[in-house]
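For reference, the chain that follows is the form predicted on its own, supplied as structure tokens.
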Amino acid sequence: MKRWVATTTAILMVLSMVLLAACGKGDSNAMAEKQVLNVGYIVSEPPALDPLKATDDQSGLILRHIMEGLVRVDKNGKVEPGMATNWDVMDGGKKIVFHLRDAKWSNGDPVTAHDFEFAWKRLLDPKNAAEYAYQLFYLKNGEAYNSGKAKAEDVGVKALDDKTLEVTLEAPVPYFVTLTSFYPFFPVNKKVVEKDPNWGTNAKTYVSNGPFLLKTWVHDKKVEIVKNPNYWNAKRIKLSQINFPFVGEEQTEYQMYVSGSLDINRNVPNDLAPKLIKEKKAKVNKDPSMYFYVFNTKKKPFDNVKIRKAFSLAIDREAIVKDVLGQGQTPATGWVPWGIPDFAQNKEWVQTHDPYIQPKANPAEAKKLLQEGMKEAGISKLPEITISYNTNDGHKKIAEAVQQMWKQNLGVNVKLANMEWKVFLDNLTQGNFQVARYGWYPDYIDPMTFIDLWVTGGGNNHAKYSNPQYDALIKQAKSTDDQKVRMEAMHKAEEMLARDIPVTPIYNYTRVYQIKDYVKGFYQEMDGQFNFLDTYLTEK
């Protein structure tokens, strides 16, 4: 396991994916008396702060700061201790024993191995229908329990005592220890959850174990978190408070940054971004993330693969990144984005295969496939097509561009439907859409985090895609720690996605943001997420 972590770090450094430790250029190094950071990042109400239910990056940003799992991952992708001080890998990687430190919940209770066992089994409990349950299918009998074919006591996680957690896996997983830094693996206070199932819905009842505490949660308005004086590594934390106002409009957030109401602005308006980047008033980093459109493969007309492919071929991705975005994004060439390594070839994944997707549209082939698909489907006229997206200026502009491309290249009239983030996610989960925009940040640095999204019944498989051959390839890749076997299986799976088109990738993400010079010690983690654990403010 340690060898894998070291290799990961080396590869990612070679790939120049060290995402800036974004120290500003402030002249003063004197610590500011007031250590309160104002962050523009969250555009609307976070859907959930209970690790059982959270599935989006905005909830995840807050969770990463108020909760802590067994380990953390530093800015170079290296695993560092969290609630666990150390761990022993045994039985060829199939068994891992974590040793926990003395730590407390915010209500004063000790954090124990029993809390982890309870939280993980809670996520797998079929009654809870957790979208991220599949992340725990690595545990012995994890999937069997989730599908009702095994009992909770059969699952491969067990608290041997208050400080020792034994984990048994179905097969060795090279990245499992790293995966425990991800928020679905966070513990919850067993006594609190059993007493109040709605404990995670407001600040007064919220109980956490991380470097910050949830001070304020004014729904649809803001979240405020404050330093946790009882955090085991409290001396590391220099900020006394972080404020996250919910700002839905990019222009409003930009003006708040300019006026000094925000110290960091993550949602830079598309039309201003190129100029701000050129003037060095905004920073831009590659994100190992993908922006794509999801087809609902269970609804007409997108239950037909030729029609899906026609709509995909009718998108001019080069025009979108150049004319609509202009922030250094690149057209997607496959289903795994840039910045993700192929561990067998020691190269960036996107460099190990020919492009599955061309940057320019192919109207002639698109029209031909559309006609063939409609004939197969027995329809002479398409139903009204609607693109769904969550309210955001950038998503709107992309949707408008795609709407125009589909009209021009396919002769199809398309409606646009925007909605608030939580409503949008609920509609995706319920299958109430035809085509929807989506984005995916890696849960861990491995192509699997993008590839296993589309297994049959996967919690985030909003396309409802199902292909037994695809599922078999993912199962093969997860059955071994032989990187050559794993990577080959995932490449074959990606080829299958290129044929079946349940989703159509649009572009590789960049992260454009603004940060004041007096904000020090801020960095993005390897997966692109913001980290404020080492952040502090100097005098302005």
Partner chain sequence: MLRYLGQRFVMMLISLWLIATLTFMMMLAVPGDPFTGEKKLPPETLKNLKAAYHLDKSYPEQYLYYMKNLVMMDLGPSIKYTTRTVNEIISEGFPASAQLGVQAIILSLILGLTLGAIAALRQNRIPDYTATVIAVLGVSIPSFVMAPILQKYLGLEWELLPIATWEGFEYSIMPTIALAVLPLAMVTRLMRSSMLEVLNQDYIRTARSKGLSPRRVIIHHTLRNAILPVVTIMGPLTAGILTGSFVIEKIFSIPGIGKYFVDSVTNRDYPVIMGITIFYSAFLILMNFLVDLIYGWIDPRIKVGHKEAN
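Positions refer to the first chain, counted from 1. In this text, the rigid core denotes the largest set of C-alpha atoms whose superposition between the two forms falls within 1.5 Å. Keep in mind the model is a prediction, meaning the values are calculated, not measured.
Although not depicted, the form predicted in complex with its partner chain is the subject of the following passage.
The closest heavy atom approach of residue 460 to its partner chain in the predicted bound form falls within 4.5 Å. In the predicted bound form, residue 374 stays away from its partner chain, with no heavy atom inside 4.5 Å. Its partner chain in the predicted bound form comes within 4.5 Å of a heavy atom belonging to residue 441. Residue contact check for residue 420: one or more of its heavy atoms lie within 4.5 Å of its partner chain in the predicted bound form. Proximity to its partner chain in the predicted bound form holds for none of 312, 495 and 502, with the criterion being a heavy atom within 4.5 Å.
Here the chain stands alone, but in the predicted bound form its contact with its partner chain, taken as any heavy atom within 4.5 Å, falls in 238-246 among 78-86, 105-113, 238-246, 302-310. Checking 388, 265, 178, 146 against its partner chain in the predicted bound form, a heavy atom within 4.5 Å turns up for just one residue: 146. Scanning 130, 192, 321, 405 against its partner chain in the predicted bound form with a 4.5 Å heavy atom cut-off leaves one residue, 130. If you take 292-312 and check each residue for a heavy atom within 4.5 Å of its partner chain in the predicted bound form, you get nothing at all. Relative to the superposed rigid core, residue 437 undergoes a CA displacement of at least 2 Å between the shown form and the other one. Once you line up the core between the shown form and the other one, the Cα of residue 233 stays within less than 2 Å of where it was.
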